[in-house]
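Given next, in structure tokens, is a single chain: the form predicted on its own.
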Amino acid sequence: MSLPRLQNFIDGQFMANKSGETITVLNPGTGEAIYEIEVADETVQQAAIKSARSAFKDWAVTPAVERARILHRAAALLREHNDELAKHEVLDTGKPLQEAREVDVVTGADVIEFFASLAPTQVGQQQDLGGDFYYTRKEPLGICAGIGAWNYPIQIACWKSAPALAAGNVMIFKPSEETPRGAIELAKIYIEAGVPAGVFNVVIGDGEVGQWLTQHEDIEKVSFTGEVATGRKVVESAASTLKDVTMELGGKSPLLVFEDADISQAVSAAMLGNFFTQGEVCTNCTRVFVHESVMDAFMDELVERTTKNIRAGDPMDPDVNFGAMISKPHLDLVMDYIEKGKKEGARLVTGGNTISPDDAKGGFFVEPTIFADCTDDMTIVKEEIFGPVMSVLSFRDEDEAIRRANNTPLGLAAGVMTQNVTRAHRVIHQLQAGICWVNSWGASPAEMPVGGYKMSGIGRENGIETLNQYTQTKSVYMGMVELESPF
């Protein structure tokens, strides 16, 4: 029996490739093939550029208020189809349905709504120069490329396209070849909402398609989400044509639990920051630093809640709260890290094995895993694992905790758990990370800019400042008096 086939979405409709090349997409929860995707060959790529170039001419001059109306309709349609879209996300990613329903589509719609509301607020400046004057205009960049990751397919597509489209740009979006369905569904919703054909095209494929986007001379900006090594390649490739870039890359984020913290809340933060979306979240607090005086209490509650409250199984089961790794190769990578943790002397407290739930045989599951007695030089403490593996470390004082937390080339996120408001501000201001939480973890509302320090990224997504990253400023000098010339 042949599998369903998903084609590229170009100029408002599906488009077949001519090469016949396909990639098979698996359901991580079962390990079974669920559909095929057609790789964007040269014919599709050229059509995407032509379509985007044509669409930009009209979309760029569409009044911002009208762009806002259309994007508001798109946000409403996303919410209307939330449950249906969430199921697509679960089949592609292996994450639990209860998460996808509450987070993935909802947060994507929130961001589209946020930038839709901001679209008409972009204004230039004017200044008198003693007779002459100048003014500035905020103008769109042109064709932007979005390259998404596999852990939040539709959310990332929304986060990248919303500010781009609100500012008057058009976007060619490449989802991960492992989770392409969400971007296609978003493209269909944009068309239904009234976004003109060609304003949001979706090309499918592996790294070669992504490289084509980053090198193409007609593309003005690239926004990429993914691992650091790939991000470096994207930046290098984009530099050949001096493209603007936004990079949302990996992390090895610290959570600092001080002696006065609410222990139950600290455990909640640590579990959210390690086991939500089965650990496949770039902002995860995979280094949990706990003050030595509360270590026993913290560990006791952490282990009890991890062993009793986490249920792995069929991700489509609404009672399941822990899903599957994206693929067998990724599962193997996570298990390799767990073995390194054991060999390097970390104490395995719980987990550490693959599992095969009765209702999800064949799925790519790894137990929620906790290591204690970790040290800063261990591989599991230094490198991003992107799986449900928590490293717990002990500290004695504030200065030590800050120094060790910052001892990494990455700087995506950080958190502090304390009831002392002075300490909260003092410590969080010294942590080298772009996304920080105090007595919380993981929330990324549309209003809040997100992005990393150091090797964790360039630029920001969400928040008011992001809209400016999708525009360029044109200065216009108006000569109102007679021009003086020595010639």
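What you see is a predicted model, and the numbers here were worked out from it, not measured in a lab. In this text, residue numbers run from 1 along the sequence as written.
Beyond what is shown, the protein has a form predicted in complex with ligand NAD; the following relates to that form.
Heavy atom within 4.5 Å of ligand NAD in the predicted complex: which of Thr230, Asn321, Gln122, Asn82 fits that? Just give me the one.
Comparing distances to ligand NAD in the predicted complex, the residue within 4.5 Å is Thr230.
Just to confirm, with a 4.5 Å cut-off on non-hydrogen atoms, which of Gly210, Gly198, Gly387, Pro96 contacts ligand NAD in the predicted complex?
Residue within 4.5 Å of the partner: Gly210.
Heavy atoms, 4.5 Å, ligand NAD in the predicted complex: which of 137-145, 221-229, 366-374, 186-194 makes the cut? Say which one.
This holds for exactly one stretch, 221-229.
Could you tell me if Lys174 has a non-hydrogen atom within 4.5 Å of ligand NAD in the predicted complex?
Output for Lys174 is yes: heavy atoms within 4.5 Å of ligand NAD.
Can Glu248 be called a contact residue for ligand NAD in the predicted complex at 4.5 Å between heavy atoms?
Judged by the heavy-atom cut-off of 4.5 Å, Glu248 is in contact with ligand NAD in the predicted complex.
Give a yes/no on whether Phe275 approaches ligand NAD to within 4.5 Å in the predicted complex, heavy atoms considered.
It does not: once ligand NAD is placed as it appears in the predicted complex, Phe275 has no heavy atom within 4.5 Å of it.
Using a 4.5 Å heavy atom cut-off, state whether Asn151 contacts ligand NAD in the predicted complex.
It does: once ligand NAD is placed as it appears in the predicted complex, Asn151 has a heavy atom within 4.5 Å of it.
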